[in-house]
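Taking the form predicted on its own, here's one chain by itself in structure tokens.
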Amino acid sequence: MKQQNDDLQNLSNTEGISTKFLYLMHIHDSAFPIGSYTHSFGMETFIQSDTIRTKEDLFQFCKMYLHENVAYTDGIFVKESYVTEDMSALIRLDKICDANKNAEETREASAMIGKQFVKAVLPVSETPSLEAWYQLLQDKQVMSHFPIVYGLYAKDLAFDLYTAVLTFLYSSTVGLVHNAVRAIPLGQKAGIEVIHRLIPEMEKATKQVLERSLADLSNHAVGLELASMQHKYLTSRLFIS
């Protein structure tokens, strides 16, 4: 409590924290050029089959995506890349992430977003880990999946692990909601309500991810995997995946 009071009375310290957080907010801006708004990760298949039609359908889908997919896959990769120091272990982690994604479009989307993320942040951020990672990317030694490079970025900018995982889960889920609002379509008010209902779920999922390791990796959201595989066969598509 004393430390908390000291922090609250230290205006410069508070300003420093707030300003640093803006850099993290910036990379989650929908206009940040990593292309996440062009991917649905299988959700569009459910929308076209009328499985997702209403606000409640969207909430239940995103809750499943959060707890049964991201919290058992990419969330764990963010955590592991954050805590892993050895570069050879990080390269191995990137390969495991690649193998974990069964659907071709989802696998390619993750690598595509990761590459764009590295290229976008390097000119504007001091991130030694990503500078070394970019050389590996140039040498074609890594696929550069997004959760791997996101964990490295968050660590280099000295965000704590909880914040790194929580913000990754937030951006992954909120991006889907924004895309669904356009594709179903739903009103902006419905999208906002879904996001607010999902925020407590994000907190729960983050705490679960922090208790998990590579041994807990599981891709058991079978319906989502099948929808992701079927997506490229849809006759018309708004999204790449």
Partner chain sequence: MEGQLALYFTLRQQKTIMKDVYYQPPLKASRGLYVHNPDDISVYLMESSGGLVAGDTNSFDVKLDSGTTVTLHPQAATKVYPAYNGKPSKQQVRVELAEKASLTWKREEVIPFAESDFSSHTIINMKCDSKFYWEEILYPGREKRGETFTFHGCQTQLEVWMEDDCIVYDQLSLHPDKQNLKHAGVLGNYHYIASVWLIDQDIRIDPEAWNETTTDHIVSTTRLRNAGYLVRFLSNDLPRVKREMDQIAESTKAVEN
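What you see is a predicted model; the values in this text were computed from it and never measured. Numbering follows the first chain given and starts at 1.
Although not depicted, the form predicted in complex with the partner chain is the subject of the following passage.
Participant: Do Glu201 and the partner chain come within 4.5 Å of each other in the predicted complex, heavy atoms counted?
Facilitator: Heavy-atom contact with the partner chain at 4.5 Å: absent for Glu201.
Participant: Using heavy atoms and a 4.5 Å limit, would one call Phe32 a contact residue for the partner chain in the predicted complex?
Facilitator: Contact with the partner chain, no.
Participant: Any of the heavy atoms of Leu166 lying within 4.5 Å of the partner chain in the predicted complex?
Facilitator: No.
Participant: With the cut-off set at 4.5 Å between non-hydrogen atoms, does Asp216 touch the partner chain in the predicted complex?
Facilitator: Contact with the partner chain, yes.
Participant: In the predicted complex, does every one of Asn102, Ala221 and Gln230 come within 4.5 Å of the partner chain, counting any heavy atom?
Facilitator: Affirmative, all three are within 4.5 Å.
Participant: Taking 4.5 angstroms as the heavy atom distance cut-off, pick the stretch from 34-42, 192-200, 174-182, 208-216 that is near the partner chain in the predicted complex.
Facilitator: Within 4.5 Å of the partner lies stretch 208-216.
Participant: Is any part of 65-97 within 4.5 angstroms of the partner chain in the predicted complex by a non-hydrogen atom, and which residues would that be?
Facilitator: If the 4.5 Å heavy-atom criterion is applied to the partner chain in the predicted complex, 65-97 yields Glu68, Tyr72, Arg92, Lys95, Ile96.
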